[in-house]
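Presented as structure tokens, the chain that follows is alone, the form predicted alone.
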């Protein structure tokens, strides 16, 4: 009882200041105005779904929907969404025009200075957009909300050559390890220095050497990620080594991730199978291989570009916060 009383006496207050929470609300209103001016429809999709994005590194929170409240552990398995991507693309396939959503998203085992298991994601799709149009829209939004000018554009390869002095598309994995070693960076014990683990090494170099140097004076948008990291983006027809994926960085933080969207359901099924195999290799449970999104894609998903923006991180950059806790009313420890 004494322990509870002590915790309750200090943990009920918000961690963000009222000035920051007011600025957060202003930015959200500004964001909604941005999309309204461009004819986007605001939508809502289920947070709990039978479907979920299947990604090696994203872990959704599972829940049981019991038919009998006396047996809360028996019932349909659902997933709190890591992003509203699947449901929003179903709306696009069903005939929606440009849409956007301000949604809560959930990711297990993510807590740190710039992560909270529950967070706010802004996601949008516009039929007819290609990679260039998707990048342009993201740059306009970043300029509107952050007031730091239009984004600098550079490819993933350019960013690695500039900040890590390696070619990410051609360098042997040992060269990626050398770049980290020369910079005094460590890596997980037991990570093999071999080609099957190339993406893990690329992620390490990106996180340690490249991302912290992006968007320091004005936002930066990085395009053309390796095809092995396409996720739900299409592979470039003029260079099969890269995917039509783009990300926004500001103040060294990744803020948004976008795709010229993959339309081929068979290709997505193959990627889901590979992601599940990788999850098994990591000791994680597999995730559902079938989804209503695949059904929608088999019917016909219109060509489009989409993007997901981490709104909490954007607010942090806008107010100069040093952690997400400064822009959240109640992070997970006070939820």
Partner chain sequence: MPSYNTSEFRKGLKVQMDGDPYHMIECNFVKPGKGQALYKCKLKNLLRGTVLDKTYKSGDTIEAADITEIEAQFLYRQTDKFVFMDNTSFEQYELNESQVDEAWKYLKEGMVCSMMLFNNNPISVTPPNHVVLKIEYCEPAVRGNTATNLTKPVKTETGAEFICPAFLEMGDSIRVDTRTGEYIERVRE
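Keep in mind that what you see is a predicted model, and the values were worked out from it rather than measured. Residue numbers count along the first chain shown, from 1.
Not pictured, yet referred to below: the form predicted in complex with its partner chain.
Counting only non-hydrogen atoms and a 4.5 angstroms cut-off, does residue 57 reach its partner chain in the predicted complex? The answer is yes: residue 57 has a heavy atom within 4.5 Å of its partner chain.
Is there any non-hydrogen atom of residue 129 lying within 4.5 Å of its partner chain in the predicted complex? Judged by the heavy-atom cut-off of 4.5 Å, residue 129 is well away from its partner chain in the predicted complex.
Could you tell me if residue 194 has a non-hydrogen atom within 4.5 Å of its partner chain in the predicted complex? Residue-level check for residue 194: no, no contact with its partner chain.
Considering only heavy atoms, tell me if residue 140 and its partner chain come within 4.5 Å of each other in the predicted complex. No, residue 140 sits far enough from its partner chain in the predicted complex that none of its heavy atoms falls within 4.5 Å.
Given its partner chain in the predicted complex, answer whether the residues 223, 226 and 303 all have a heavy atom inside 4.5 Å of it. Answer is no for this spot.
Only one of these stretches, 179-187, 164-172, 234-242, 131-139, has heavy atoms within 4.5 Å of its partner chain in the predicted complex; which one is it? Looking at the partner contacts, the answer comes out as 179-187.
State the residue from 145, 78, 204, 122 whose non-hydrogen atoms include one within 4.5 Å of its partner chain in the predicted complex. Going through each option in turn, the one that passes is 204.
Of 213, 198, 218, 111, the one that lies within 4.5 Å of its partner chain in the predicted complex (heavy atoms): In short, 111.
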